[in-house]
Ligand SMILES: NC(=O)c1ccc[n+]([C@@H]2O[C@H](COP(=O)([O-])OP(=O)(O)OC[C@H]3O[C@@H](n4cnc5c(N)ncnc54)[C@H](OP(=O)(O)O)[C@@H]3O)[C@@H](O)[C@H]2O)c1
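Only one chain comes next, encoded as structure tokens, the form predicted on its own.
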């Protein structure tokens, strides 16, 4: 099969398009013929500095396509089903093998490209808001990096839960594209001080919850944006900065900072069922997926470079 691989960590240019052996199907797993790869934020971070499980290494968390092999122990999938899959690597390829427990059926009639985007960003956003963020109707949420995959999902999920939704992005144009999803007020972090703008928008009360997938210096701004008993769900390091923050303001306002990692519970019944529900809702049109741009798998380097330009709104896909 063909795959986008690299032999050493580095910038997007380390990605090469090569022939590699086909993956094998485990007894508890499935193999899909990939139709769409959703490039996740962690994919670019892993390419830049993550462990290489093999040489050449195939990066990538998430891909969707048609099931072409089913392990002997698997009962929930059949050859010919459509599935979206997750795993710690291996998505940037024509074929992808995963445990069936980290795969979800795509309902008939659903565009595979839309389903390819759902599990990691929508599942992460759901956990940040509800499982760990304890969001209630009537509260105010700040979504850092609102134009990211997690941001797009979090805006929609928070809005339909009855929250007022604020979000940040790097341009006014990107913020405008988020308004149809339920964004109430946007903050351009390039031109405005985020905590100061939050206080203006909340009559100096601060927000009840922040979803922060950026980390670094942004995390400090998230903490300073909180109201009394406010919570931060910290879920990533997309900003690629060291996590050095002053946690003193947490104590003074009885505030909480929670780390969220979907992968730690992704094989549990709770998360598996939650993600299947989200996939179904996308198929039914109840939740929207934003696909900014598609690239051929052969140009994975170009796709990664585009993501790192911070121009995308929503997800960037690779098509084998």
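Positions refer to the first chain, counted from 1. Keep in mind that this is a model prediction, so the values were computed, not measured.
A second form of this protein, the form predicted in complex with the ligand, is not displayed here; the remarks below concern that form.
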Just one of 100-108, 213-221, 79-87, 132-140 has residues with a heavy atom within 4.5 Å of the ligand in the model of the complex, so point it out.
-> 213-221
Would residue 167 count as touching the ligand in the model of the complex under a 4.5 Å heavy atom rule?
-> no
Even though the ligand is not shown here, does residue 159 get within 4.5 Å of it in the model of the complex, heavy atoms only?
-> no
Is the gap between residue 310 and the ligand in the model of the complex 4.5 Å or less for some heavy atom pair?
-> yes
Does residue 260 reach the ligand in the model of the complex if we count a contact as any heavy atom within 4.5 Å?
-> yes
From the list 120, 163, 226, 93, which entry has a heavy atom within 4.5 Å of the ligand in the model of the complex?
-> 120
Going through 22-54 from first to last, which residues have a non-hydrogen atom within 4.5 Å of the ligand in the model of the complex?
-> 40, 41, 42, 45
